[in-house]
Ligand SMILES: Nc1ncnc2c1ncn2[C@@H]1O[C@H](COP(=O)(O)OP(=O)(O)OP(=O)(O)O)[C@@H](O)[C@H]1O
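One chain is shown next in structure tokens, namely the form predicted alone.
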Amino acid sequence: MEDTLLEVRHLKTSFLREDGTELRAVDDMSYTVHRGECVAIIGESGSGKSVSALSILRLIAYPPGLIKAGEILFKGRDLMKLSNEEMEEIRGKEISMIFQEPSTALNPVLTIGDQITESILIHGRVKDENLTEEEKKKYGSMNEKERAYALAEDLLAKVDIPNPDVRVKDYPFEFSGGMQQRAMIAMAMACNPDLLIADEPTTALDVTVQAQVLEQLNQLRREYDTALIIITHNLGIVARYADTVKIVYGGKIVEEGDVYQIFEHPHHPYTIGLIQAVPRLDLPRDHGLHTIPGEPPDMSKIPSNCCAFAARCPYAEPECSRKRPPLVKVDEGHFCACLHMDKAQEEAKEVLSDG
């Protein structure tokens, strides 16, 4: 498709443990992101969500990590074949990432303004040829460093940081957690990237601040026509902001589709379990909370030719431990990897309708 921005094909990323065992963090993952689209990647901690995003930017440190196989096509170029220097040109300029825990992602000894302007200056964002006509009128008489700081102030204002002309000189410890996250968004959007990856962007923030941060992300996405990948385990975020959803378990995508398909017609037992686990206000207090039994698998011990969810699945049969289910089409744009998806989906209709 002409509007295809990113294609991840059969990505495999592993980590070698000290005992010599291999942990398959991402195990044959494929998906597509289109321009302006919001894609949500959902899964439990340890499912491979963040590692898949870091693999896109080639930020997997070797050793112990290694991208073992796959293609990562961005605007038709395979990022796996680019040199480190070419990747440095892309990071921050064309693909940006908001990392988990802004308090650790921000440099404590540099001001917020210094950290935002670093990317602006490195990638030439405020050079004459890269300014819009409006920016030329606003910043034209300034030198590049002055332009970068003026742009940093404007970015902080866009993400609702009060008194941006003053706060741009503050250090990270002088910002609250919510303000640090907004500063990270401003930094990520500094060069108008085509793709923004937000890894658990609302972790450790209170509910009202979460809503503000997500609204700002969504507004900036629409304003700049930026594609957005949100990595999360919060289904509420997904329901409100995502266009398409990828459910990840054991380093693999086990179900994918648009928001309506995933929430109204889930097929995979893991997807069904996640939806059931969301607290519902329309049920009596004594209904209790649903949980998925068991624990996420140790991918260094699970054979690659089986269903990683089999040990926790209520529909598992002996064949599930011997055969890896392929990702097959169940509807237009809707895919699922389960040998017993029909049975699970039929029973889910009743369970999800009445709780």
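Please read these numbers as outputs of a predicted model, since none were measured by experiment. All residue numbers refer to positions in the sequence shown, first residue = 1.
The same protein has a further form, the form predicted together with the ligand, not shown here; the description that follows concerns it.
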Within a 4.5 Å heavy atom cut-off, is residue 233 in contact with the ligand in the predicted bound form? yes
Applying a 4.5 Å heavy atom distance criterion, does residue 51 contact the ligand in the predicted bound form? yes
The ligand contact at residue 44 in the predicted bound form, heavy atom, 4.5 Å: yes
Even though the partner isn't displayed, in the predicted bound form is residue 57 close enough to the ligand, meaning a heavy atom within 4.5 Å? no
Using heavy atoms only and a 4.5 Å cut-off, decide whether all three of 38, 119 and 190 touch the ligand in the predicted bound form. no
Please identify, from 309-317, 324-332, 66-74, 23-31, the stretch that has a heavy atom within 4.5 Å of the ligand in the predicted bound form. 23-31
The ligand isn't shown here, but in the predicted bound form which of 276, 107, 100, 219 has a heavy atom within 4.5 Å of it? 100
